[in-house]
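Before any questions on binding or motion, here is one chain by itself as structure tokens, the form predicted on its own.
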Amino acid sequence: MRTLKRKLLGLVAPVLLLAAWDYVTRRELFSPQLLPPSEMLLETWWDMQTSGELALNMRVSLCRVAGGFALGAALGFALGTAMATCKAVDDYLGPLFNTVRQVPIVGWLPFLIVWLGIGELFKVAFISLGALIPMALKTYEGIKAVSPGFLELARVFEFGRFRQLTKIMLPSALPSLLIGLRLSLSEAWMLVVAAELVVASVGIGNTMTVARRLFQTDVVLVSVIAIAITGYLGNALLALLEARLLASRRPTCAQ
């Protein structure tokens, strides 16, 4: 009952926003070119969907997100694990990592374009860099937060370093790792739009760029809504995975 009530409360803000939008557009307080009415957005979405334009651009963007997220999350996990488990690696790479992560990811755009050009490699590398940082940070924090008592128990049972990592550290750090995955995915989805806004011939970001130049605010808003829904669904899937994995650990912990 409480969960249902929370979900219903979560609908209040969107409903109020839609009602305000409908009121403003019907009263023509703004030009339809600046704030298109909901009917125009539905027509634009239907036209983009039936023509295949929306599906094509979303598919291209999702492929870029998938590649960049997978690469960045894997590298971030490896880097965070190495820094958390090896003092030498932490001493050498920790200061550099903490310095680099202070730079906004978009600040690397000019550098990456110069080095990698404007092709797919640039876009995947840009997305990967954004996904790497939160994953590395949450992996590092999760492993470092493992109880010293668990590690001492592992030494008593003469666990090797690899067994300590797989049997003690990573299971204990699982909540932090899952948060890192969600943050990395969110970052990847935002950065694909940024990369496509800068340079792309296809992709949802390119659709927004072309529509902005032609002053087609209805196309821009449909693209924004598609991005928001897709990002929300991706985060919801990871949240569901997180809940299932953490729930499966409880019986083991209780034993």
Partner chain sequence: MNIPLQVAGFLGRSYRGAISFLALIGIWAALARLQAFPAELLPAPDAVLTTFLQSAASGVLGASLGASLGRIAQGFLIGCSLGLLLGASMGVSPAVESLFAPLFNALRQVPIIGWIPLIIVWCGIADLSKIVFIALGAFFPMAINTFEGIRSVPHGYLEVARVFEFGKLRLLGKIVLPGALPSIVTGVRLSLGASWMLVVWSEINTRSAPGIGDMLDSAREGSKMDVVIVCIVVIGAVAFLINELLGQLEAQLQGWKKTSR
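Numbering follows the first chain given and starts at 1. These numbers come from a predicted model, not from an experiment. The term rigid core refers to the most C-alpha atoms you can superpose between the two forms while keeping them within 1.5 Å.
Separately, the form predicted in complex with its partner chain exists; it is not shown, and the next lines address it.
- In the predicted complex, no heavy atom of Val60 sits within 4.5 Å of its partner chain.
- For Arg161, no non-hydrogen atom is located within 4.5 Å of its partner chain in the predicted complex, even though that partner is not displayed.
- In the predicted complex, no heavy atom of Phe69 sits within 4.5 Å of its partner chain.
- In the predicted complex, Ala228 approaches its partner chain with a heavy atom inside 4.5 Å.
- The stretch from 128-136, 71-79, 103-111, 176-184 that comes within 4.5 Å of its partner chain in the predicted complex, counting heavy atoms only, is 103-111.
- Residues of 46-79 include none with a non-hydrogen atom no more than 4.5 angstroms from its partner chain in the predicted complex.
- If you fit the rigid core between this form and the one not shown, you'll see the Cα of Pro32 move by 2 angstroms or more.
- A displacement of less than 2 angstroms separates the C-alpha positions of Tyr232 between this form and the one not shown, with the rigid core held in common.
- Positional change of Leu18 between this form and the one not shown reaches 2 Å or more at the C-alpha, relative to the superposed core.
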